[in-house]
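Next up: a single chain in structure tokens, the form predicted on its own.
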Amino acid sequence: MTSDSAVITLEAVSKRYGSRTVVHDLSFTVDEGEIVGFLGPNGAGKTTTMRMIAGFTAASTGRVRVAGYDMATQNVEAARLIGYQPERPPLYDTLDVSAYLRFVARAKGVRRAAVPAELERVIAACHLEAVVRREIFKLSKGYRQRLGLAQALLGTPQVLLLDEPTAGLDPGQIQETREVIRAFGEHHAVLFSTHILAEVTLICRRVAIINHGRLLAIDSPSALRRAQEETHRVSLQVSGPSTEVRDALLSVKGVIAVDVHAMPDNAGLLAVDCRVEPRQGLEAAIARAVTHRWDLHRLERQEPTLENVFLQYVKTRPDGA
């Protein structure tokens, strides 16, 4: 599971609170120059896992290492290399943006002479110029999120942990934040959780899917699509007898399974769902098989997306089996 370039390493990590286990035997790595997306429903264990990597809580069993440091015994040394943006960033409402970032820079051990340049760098990267003198309690949620990202970037950490970094941002701000993460991930290790699946396909090299504290899959977005070929589907609306329509479609090479249901609001019209192989031109063969004998009212091809791949994993593996 480990590699020479691994900056974040989890080895059989579990976390228990009393009798309740919230993370089960989790193992994965994040390499230098890699962005890994962390996907899962609310309560899946994403935030707990990030808190263990950041050193805010200790694993019950297993080992967490960051840049070679064991987070159980060397978390102070590792903390200097970590930039962490929790889902609710730790902001001090009575300070203005500049004073807050100056305070965080000093707390992170940034040399006093280097603080002005560091503030200028993260303020520009997170587009905070317009609010640099504004008190934090006056900031919108979007600006608060961007300020949380800016404090995580201070000191040019080797590892960046981002928990829902684009929550509350408008589409333009989301795009800007993606660019910041993409640029940072070229030379650092980035792990970020998000419910916006488009972000994963746009900037991540790998995706880790977690549910009920168990890792269901970790791979590239394209590989996860290939692994879930059953999400390739063709849906139709056909006028014809259900048994004969099913048999005709199953005779088409590349059609794996066929579900046929009568449409309740239109007697005589069938709703047909075909699970198919991921091959080109298959919908044309399906259309020919139907129109040769019956009327075809609608045909639609559904390619696998990361969203339905994710839902498929969660649906078929609720206990991580």
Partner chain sequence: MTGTLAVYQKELASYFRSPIAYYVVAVFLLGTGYFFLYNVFLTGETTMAATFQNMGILLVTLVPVISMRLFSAEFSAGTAELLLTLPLEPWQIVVAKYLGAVTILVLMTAATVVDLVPLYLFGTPETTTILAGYVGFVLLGMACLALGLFFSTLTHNQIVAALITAAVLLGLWFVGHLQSFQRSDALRGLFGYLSFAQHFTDFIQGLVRTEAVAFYLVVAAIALTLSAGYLQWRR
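Residue numbers count along the first chain shown, from 1. Please read all numbers here as calculations on a predicted model, not as lab measurements.
Omitted here: the form predicted in complex with the partner chain. The next part is about that form.
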Checklist outcome for this item: Checked Pro116, Pro90, Gly172, Pro241 for heavy atoms within 4.5 Å of the partner chain in the predicted bound form; positive is Pro90
Item to check | Ala223, Val132, Ala124, Ala72 - the one with a heavy atom within 4.5 Å of the partner chain in the predicted bound form | outcome: Ala72
Checklist entry - Given that the partner is absent here, does Ala54 sit within 4.5 Å of the partner chain in the predicted bound form, heavy atoms only? => result yes
Checklist entry - Does any heavy atom of Ile256 come within 4.5 Å of a heavy atom of the partner chain in the predicted bound form? => result no
Checklist entry - If you check in the predicted bound form, is Phe184 within 4.5 Å of the partner chain, heavy atoms only? => result no
Next on the checklist: Residue-level question: is Gln151 within 4.5 Å of the partner chain in the predicted bound form, judged on heavy atoms?
Outcome noted: yes
Checklist entry - Ala79, Tyr84 and Ala107: each with a heavy atom within 4.5 Å of the partner chain in the predicted bound form? => result yes
Checklist entry - Among 91 to 99, 210 to 218, 232 to 240, 190 to 198, which stretch sits within 4.5 Å of the partner chain in the predicted bound form, heavy atoms only? => result 91 to 99
Next on the checklist: With the partner left out here, which residues of 10 to 42 have a non-hydrogen atom within 4.5 Å of the partner chain in the predicted bound form?
Outcome noted: Lys15
